[in-house]
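First, one chain by itself: the form predicted on its own, in structure tokens.
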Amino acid sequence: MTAPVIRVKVPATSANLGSGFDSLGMALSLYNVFCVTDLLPKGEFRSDVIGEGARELTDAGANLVIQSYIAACRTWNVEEKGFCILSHNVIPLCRGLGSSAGAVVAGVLIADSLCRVGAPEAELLRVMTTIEGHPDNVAPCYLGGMTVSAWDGGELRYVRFQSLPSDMHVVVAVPDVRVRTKDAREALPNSVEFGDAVFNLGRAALLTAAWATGKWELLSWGMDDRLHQQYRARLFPGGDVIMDRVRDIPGCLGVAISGSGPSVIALVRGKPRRVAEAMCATFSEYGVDSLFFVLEGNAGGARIDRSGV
């Protein structure tokens, strides 16, 4: 097999982190790889998928990497060169781990590289966010680490935080059920109590301050939430009990629904086995198979190899 024209590697992400609804997110050490293997005439695309989504993502017209590539090309008013793309997917689909954001990031980076746009970081992130609709997944996917982002529909501001310490693990439990982002959005109320808004404001501020200063013992408080998790927990079996069961296990510094669910993420200092087993046991109790990942808290962002361009 010849070397790919372009190779893009993107990490999974976990957004919200409890209190940081639509604003906080972190990169996880679980990666999809997209390889542009050959160039085709303008407007022609072919897609092959290995791994997650192999049966449902092969339609080039419905491939989000290709759709994002086309959207970026049209934003920058550059020719949409056609190509063949091979996707090696590991990130579970519709599980709250940023698989869609990874496809958006890859598509925009392919457009920037293949069409020789040379867009700066801020412009790349602006286009990614415009396509995705919110920045909490695309920002950490592109930048790596933990990010806080603010988006007003036109302009984006963001900050990348330090990585987690080497002795801190990220345990992610992934149940064998799917939650569509659309359904997770529709589960939220149109308004919230003033006291709940104040609660989340304090918790999100505490979470970002704790992360910035390395006061990891405050993560549990910082990841508490009253805006979205209580509603989304009802969308998957065991969701309304799993976090309460995990948060008090020794070494667990914080637990939250990952993204819009149904995956659940815990930050653990020390040995992660007990937390992982408790998560999967809870899903089993509710009749749902699950798997877990023990991941690094210092995952890097998207990486692109342009050797064939």
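For every residue, the number given is its place in the sequence shown, counted from 1. Predicted model only: the values in this text are computed from it and were never measured.
One more form of this protein exists, namely the form predicted together with L-homoserine (HSE); it is left out here, but the text below deals with it.
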Contact with L-homoserine (HSE) in the predicted complex for residue 262, defined as at least one heavy atom pair within 4.5 Å: yes or no?
no
Any chance residue 15 has a heavy atom within 4.5 Å of L-homoserine (HSE) in the predicted complex?
yes
My question is simply whether residue 134 lines the interface with L-homoserine (HSE) in the predicted complex - judged by any non-hydrogen atom within 4.5 Å.
yes
Quick one: is residue 181 in contact with L-homoserine (HSE) in the predicted complex, heavy atoms, 4.5 Å cut-off?
yes
From 88, 234, 157, 185: within 4.5 Å of L-homoserine (HSE) in the predicted complex by heavy atoms is 185
Per-stretch contact check against L-homoserine (HSE) in the predicted complex, the hit in 217-225, 113-121, 235-243, 136-144 (non-hydrogen atom, 4.5 angstroms)
136-144
